[in-house]
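Heads up, the chain shows up twice below as structure tokens, two forms, tagged structure 1 and structure 2.
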Structure 1
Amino acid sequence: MKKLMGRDKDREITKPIYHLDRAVAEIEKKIIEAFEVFDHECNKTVDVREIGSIVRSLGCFPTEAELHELLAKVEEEEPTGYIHLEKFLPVMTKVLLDRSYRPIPEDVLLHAFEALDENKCGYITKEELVKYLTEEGEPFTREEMEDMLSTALDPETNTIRYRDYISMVVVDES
């Protein structure tokens, strides 16, 4: 434990350690609460397929590859299809403390959409977006595509006005 110099050199400083312990306890509480939403059997386990939803609900946005790496750290040696809270909690606590898997900044998202908008008209058609997101890079699943379109698509024009969509989905980090 560190000590102060000067007049109070014999007084131990415990505040920073207390604050860190309190911060970790609050993070662990958030993780447990998010985990419990998906713990349908109330036995401190969740279906492995729910881990992505839990991680995203905690403000982390890993790629599929990063999610698989995280799963490898928390799965049993003989995978059961379930993840135990006792294995998930320390791994996810470290993820949150390290601020891993942060969301993509708004300007980067805008630049990506603008690159897809060949006519520079401020929108992308549903067909174009589905093609890009299911055939290029890390493809969206059908469910992910449906989720995105349910939020992003203007049903009257069958287009995605990407500036509006970005403003709806960007996470405020402040």
Structure 2
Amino acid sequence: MKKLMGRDKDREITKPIYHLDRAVAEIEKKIIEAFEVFDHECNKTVDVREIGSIVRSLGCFPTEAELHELLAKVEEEEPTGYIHLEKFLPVMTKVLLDRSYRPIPEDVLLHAFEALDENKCGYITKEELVKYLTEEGEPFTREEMEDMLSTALDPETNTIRYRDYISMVVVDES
């Protein structure tokens, strides 16, 4: 984008660039809003542990690894445990403009659950799910696992009926 703007500086393509400026300004306002929700001391800093929540609530679906990469770009030279808005803003703006960390559509999520459902019976047992999610991929912490189970688990059968779970969550999100 930047290169394009540079080359087109001399051309009279004012309208698209104008729109781009506006789009960028709007994106920046969104980022600042989300940032400030977590800025408890109102001094344009947030605890580094909240960056994940901020990035994700802006519509991104990064993996933990991708998040660490991003953190590396916004942390101070000597990490203080706090992230400054002035460092975060340009990095996050680019993320949103580039549409990095795309969302996961409902059907892709469904396929993922189905992949873990070996017998294709429409549910996964608690033990299986716990094993997969705490040992594979980017493992859940115990807290995360318990939290997911608290809403996903059907206590009578001790299974996760993933279709129901997905549709319940999707409804509530919208």
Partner chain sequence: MGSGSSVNANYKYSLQKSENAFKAAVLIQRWYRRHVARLEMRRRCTWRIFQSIEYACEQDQIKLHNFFSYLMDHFTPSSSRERDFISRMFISGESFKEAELEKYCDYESMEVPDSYTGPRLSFPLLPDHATALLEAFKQKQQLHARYVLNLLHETRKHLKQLPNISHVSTCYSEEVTVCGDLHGQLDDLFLIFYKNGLPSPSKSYVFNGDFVDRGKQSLEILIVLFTFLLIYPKEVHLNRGNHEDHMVNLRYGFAKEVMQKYKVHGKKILKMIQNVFCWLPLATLIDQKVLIIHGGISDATDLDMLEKIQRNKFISVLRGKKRKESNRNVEIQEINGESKVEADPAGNEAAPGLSPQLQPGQAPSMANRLEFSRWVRQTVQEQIEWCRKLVDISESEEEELTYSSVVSLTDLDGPCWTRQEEWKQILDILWSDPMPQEGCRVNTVRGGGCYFGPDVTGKILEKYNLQFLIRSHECKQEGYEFCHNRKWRVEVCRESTVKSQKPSVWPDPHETSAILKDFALVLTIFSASNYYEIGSNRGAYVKLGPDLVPHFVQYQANKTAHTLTMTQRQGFPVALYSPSQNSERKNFGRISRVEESAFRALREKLFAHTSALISAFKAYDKDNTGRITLSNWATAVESVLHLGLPWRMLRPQLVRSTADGMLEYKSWLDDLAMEQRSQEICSNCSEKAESCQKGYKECDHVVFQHIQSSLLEVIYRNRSNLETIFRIIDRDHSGLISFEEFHQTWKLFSSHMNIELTDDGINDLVRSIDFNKDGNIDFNEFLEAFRLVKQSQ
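Residue 1 is the first residue of structure 1, and the numbers go on in sequence order from there. Since the structure is predicted, the reported quantities are computational estimates derived from the model, not experimental observations. For the two forms, the rigid core is made up of the largest set of C-alpha atoms that agree within 1.5 Å on superposition.
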Label of the structure corresponding to the form predicted together with the partner chain: 2
Just checking, between the two structures and with the core aligned, does I104 shift 2 Å or more at the CA? yes
